[in-house]
Each structure stands twice: as structure tokens, then as C-alpha cells.
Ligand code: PGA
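First, one chain by itself in C-alpha cells, the form predicted alone.
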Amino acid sequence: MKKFIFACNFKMNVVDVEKYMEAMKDENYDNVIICPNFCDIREYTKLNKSNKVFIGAQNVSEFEKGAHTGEVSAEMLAKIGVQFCIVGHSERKKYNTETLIQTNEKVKRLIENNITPIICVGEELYSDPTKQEEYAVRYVLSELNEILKDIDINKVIIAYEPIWAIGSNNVASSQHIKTVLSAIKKYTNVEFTLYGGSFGEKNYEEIAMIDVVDGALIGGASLKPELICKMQKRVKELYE
């Protein structure tokens, strides 16, 4: 049976791990990845032991070690139990001027330390709405052409997040999502592709039933443990 991945990105927010433990009780959630802020990662390793939840990080340095004040290396993340890590998020590109070359290096550092990268790609709104899908495919494949250079594609996950949908309640149509993720799978041969961008209670069932969608990268909804548990259980039922 296929498992739908719930990758939860808390961003710069705090969610008490006890709230997740209370919502999950003693059940297994082995298709859930939680990426809390750096300060809370150690606390969330409790869920890995009690509920089989995977632990992720929201960023990593492209450098192995050295005089890089404020940076966190892939080796450091591995030592505290991190199994997945988000890289290339549009917010990092916009507010921290991160480049595709940096993302490529981060992916390499993560793989070297047996951490699975969740690589984010996505486009802005195009001037002609009727050509948004076509533009999206060209844009994300162009990004991936740079990011995946010299990368073992069997060791990465790609998350498609149209920038115009993030935190906006403007969700891409099912056809748009299918078109873009199908193109990603076809031209990169990556096995696991996620959708992100205002994924939540109103649309999760429809998105989960798109055959090329293997999971979701979730922002705002991930701050609500009960909602994540509700969606996880319902999608599991849909897949049975």
C-alpha cells in the first residue's frame, strides 16, 4: 500500500512537542516528517521513538565545517537524529539570497551524511494565466537541472511549491499539479514528489488522490497537531 508523506515545516514557529504527543497518542505515524525550528529538534526526537515519526530540519549549511558563524552542518544534524532536511525553499531564496549552486552543495552535504534532502522548487505567477502550467514546467525543470548536477536522484525527494500558492490560500488546480509533477518524474526520474502551497483541510483529500503526488510539504497546517493527525488518518483510509 502506498504511503502519503506528510512533511511538516514549522518555519520560525514553536509548537510544543507535548501537543503532538497528545494528538498522536500511542499510534504510529511513520509517514510523517516533522521539521521544527533548530532549537526544538532534540525535543521532537521523542516522537521518533514513541510514534515512529521522522525528524527533519528546515535548512543546512553548504559547508562541511569551519569558520561559518551561525551555520549548522549536515554532520551536526545527523548526530542529533535528523533524517530529512528541506533545502532550496523559496523563502530562503527570496529573503536570504540563496542560489541554486548553494542548494546543490547542501544536497551533497546531506547525502554524504545519510540525510534525505527535500528539494523545493516552484515558480512565480506568469503574466499570461493561460500559460501558467507551461511556464511552471519550464521553470522547475530549469531549477532542477542545476540543483541535481552530480546528485544521486535515488536519494532525494522533490517538493513542488508554486510560490504564488504559499500561504495565500490560492491552491494550484489538480490538473496543474499533475502536469508539473508528471514532468518532474519524467525528466528527472526522481521517485518521490510532494506538493506544497496552502495544503490543508479544505483540499487535502483531492490532492492526495492525484496519482503522481506522493505527499505534501505542509506549512501553516503543520502548526495544528490535531489537523495533521486527522488528515493522516483520512488519507490512510483513502489508500486502503
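Please read all numbers here as calculations on a predicted model, not as lab measurements. So that there is no doubt, residue numbering starts at 1 and follows the sequence shown.
One more form of this protein should be noted, the form predicted together with 2-phosphoglycolic acid (PGA), which is absent from this view; the next part is about it.
Tell me, please, which stretch of 22-30, 176-184, 36-44, 194-202 lies within 4.5 angstroms of 2-phosphoglycolic acid (PGA) in the predicted complex when heavy atoms are compared?
-> Selected range: 194-202.
Only one of 123, 91, 98, 143 comes within 4.5 Å of 2-phosphoglycolic acid (PGA) in the predicted complex by heavy atoms, so just point that one out.
-> By the 4.5 Å heavy-atom cutoff, the listed residue in contact is 91.
Using the partner position in the predicted complex, report whether residue 78 sits within 4.5 Å of 2-phosphoglycolic acid (PGA), counting heavy atoms only.
-> It does not: once 2-phosphoglycolic acid (PGA) is placed as it appears in the predicted complex, residue 78 has no heavy atom within 4.5 Å of it.
Touches 2-phosphoglycolic acid (PGA) in the predicted complex: residue 11 (any heavy atom, 4.5 Å) | It does: once 2-phosphoglycolic acid (PGA) is placed as it appears in the predicted complex, residue 11 has a heavy atom within 4.5 Å of it.
Within a 4.5 Å heavy atom cut-off, is residue 225 in contact with 2-phosphoglycolic acid (PGA) in the predicted complex?
-> Looking in the predicted complex, residue contacts with 2-phosphoglycolic acid (PGA) do not include residue 225, since no heavy atom lies within 4.5 Å.
Mark residue 166 yes when one of its heavy atoms lies within 4.5 Å of a heavy atom of 2-phosphoglycolic acid (PGA) in the predicted complex, and no otherwise.
-> Residue 166 belongs to the contact set for 2-phosphoglycolic acid (PGA).
With the partner absent here, would 161, 217 and 220 each sit within 4.5 Å of 2-phosphoglycolic acid (PGA) in the predicted complex, counting heavy atoms only?
-> Every listed residue reaches 2-phosphoglycolic acid (PGA) in the predicted complex, so yes.
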